[in-house]
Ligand SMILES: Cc1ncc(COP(=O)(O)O)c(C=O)c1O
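Next up: just one chain, as structure tokens, the form predicted on its own.
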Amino acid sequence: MEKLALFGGQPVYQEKHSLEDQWPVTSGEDREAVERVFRNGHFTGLHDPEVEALEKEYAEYVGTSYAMAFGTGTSSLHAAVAASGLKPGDEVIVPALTFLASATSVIQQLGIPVFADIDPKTYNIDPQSVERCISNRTRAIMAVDLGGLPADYPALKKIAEKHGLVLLSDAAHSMGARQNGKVSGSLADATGTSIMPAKQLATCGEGGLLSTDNVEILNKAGMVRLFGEVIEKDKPRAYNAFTLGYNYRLNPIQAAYARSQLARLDQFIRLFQENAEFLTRGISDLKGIIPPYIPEGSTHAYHMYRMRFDPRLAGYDVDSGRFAKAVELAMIAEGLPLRFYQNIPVPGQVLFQMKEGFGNGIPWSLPNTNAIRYDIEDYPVTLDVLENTRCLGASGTSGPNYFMNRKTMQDYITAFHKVWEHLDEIVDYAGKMEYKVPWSNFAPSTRGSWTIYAPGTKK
């Protein structure tokens, strides 16, 4: 057997060029779309034809009555939360494994995130855990389509209807995915998504989109997007704010680029799915690797390809976290990296442990709010997933960097097979190496520390 690169052998991937493919793919049509904006000279984003066309085309694509463009995915989420009628001190249930913005969009509206655990197979928010989190202050559920797989919206809708809650969705990872024939972006009362360059639907910078069938949500989100005002097309601007609003507009250049990308989104999603399925088939004979689970009726957009590593399925009695770490290090040495996505449950981050928020403990210290405890041990499935799973790729990359290329999939298959041929060595290494759980470097009970360097100073 060929020696593992971890122990001095030759790595599987030895090419001089980067493993990752460039994403997004900029075509001649994309360049022409951007140049079109420069030719028309309209750059403000207010009643801009490119922005309005993107909103119309995106709504048609996802199958909602309305869509609205925003300057970032986070601002689209904040607008969705604000438009849902959240009041200061109200609670929104958020999955414990997600990106921070799913929760901070709630805090931005002086709401309080309450975290639910996740499903051990889909890695999305667990409806049963959601039920346990509901209180007299709960006003909404924020589902997240982690990695590109839609959450269990049918179950979440039943819970929302039963308790009179608004169902929100963070679809930043799942553009192009479907559930029971419906497109991601149309599965909740209101959905916010990101179109920054790492996402499946990408633009040439930051950007976001909100989609809904509810005209009241749309109108409130529109006021949040632009200083709290109602600015009607072809009518004088009154400069009169009706609510607290911001400047969340999307630049027409980003809108034009996103329109061009949207026209090819399904083409790319099919390619990602074909190559991800090729990878899954290629490692299906390796006991101990559990590839992404896709429930019946759903499709996956593969923003991330998350695998679970189970040594017992491979026939070894070794700590599973150590095993996953050893496999990760072996694959990195072979030039085919695996990575974490988040190292600690979101409620374990210092922001939630310190509960300082806006200062003076707001929003947690607002009158008549419930006492909220953020203890990471309350999310055992999330902890298990963080320790025993890895995502394909290197830190800072996403699915599109890998799933455009069939050869990359074959290289990963070859590397996994090589590592599995040496599992005795991997298990021995796992038992002897220094090991800490991924969240061990966090000190959630103490204040975080940081250093800001002024321009011109030495780091």
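The first residue of the sequence shown is number 1, and the count goes up from there. The model shown is predicted, which means the values in this text are computed figures rather than measured ones.
Below, we turn to the form predicted together with this ligand, even though it does not appear here.
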{"property": "Contact test in the predicted complex: Phe99 vs this ligand, heavy atoms, 4.5 Å", "result": "yes"}
{"property": "is_contact(Ser211, this ligand) in the predicted complex, heavy atom dist at most 4.5 Å", "result": "no"}
{"property": "In the predicted complex, Ser320 touching this ligand (heavy atom, 4.5 Å)", "result": "no"}
{"property": "In the predicted complex, Ala151 touching this ligand (heavy atom, 4.5 Å)", "result": "no"}
{"property": "Whether Leu77, His173 and Ser194 all lie within 4.5 angstroms of this ligand in the predicted complex by heavy atom", "result": "yes"}
{"property": "In the predicted complex, the residue from Phe309, Tyr123, Tyr341, Phe352 that sits within 4.5 Å of this ligand by heavy atoms", "result": "Tyr341"}
{"property": "Listed residue (Ile141, Leu187, Val144, Ala221) with a non-hydrogen atom within 4.5 angstroms of this ligand in the predicted complex", "result": "Val144"}
{"property": "Options 99 to 107, 250 to 258, 370 to 378, 353 to 361; stretch whose heavy atom lies within 4.5 Å of this ligand in the predicted complex", "result": "99 to 107"}
{"property": "Any residue of 179 to 216 that, in the predicted complex, places a heavy atom within 4.5 Å of this ligand", "result": "Ser194, Met196, Lys199, Glu206, Gly207"}
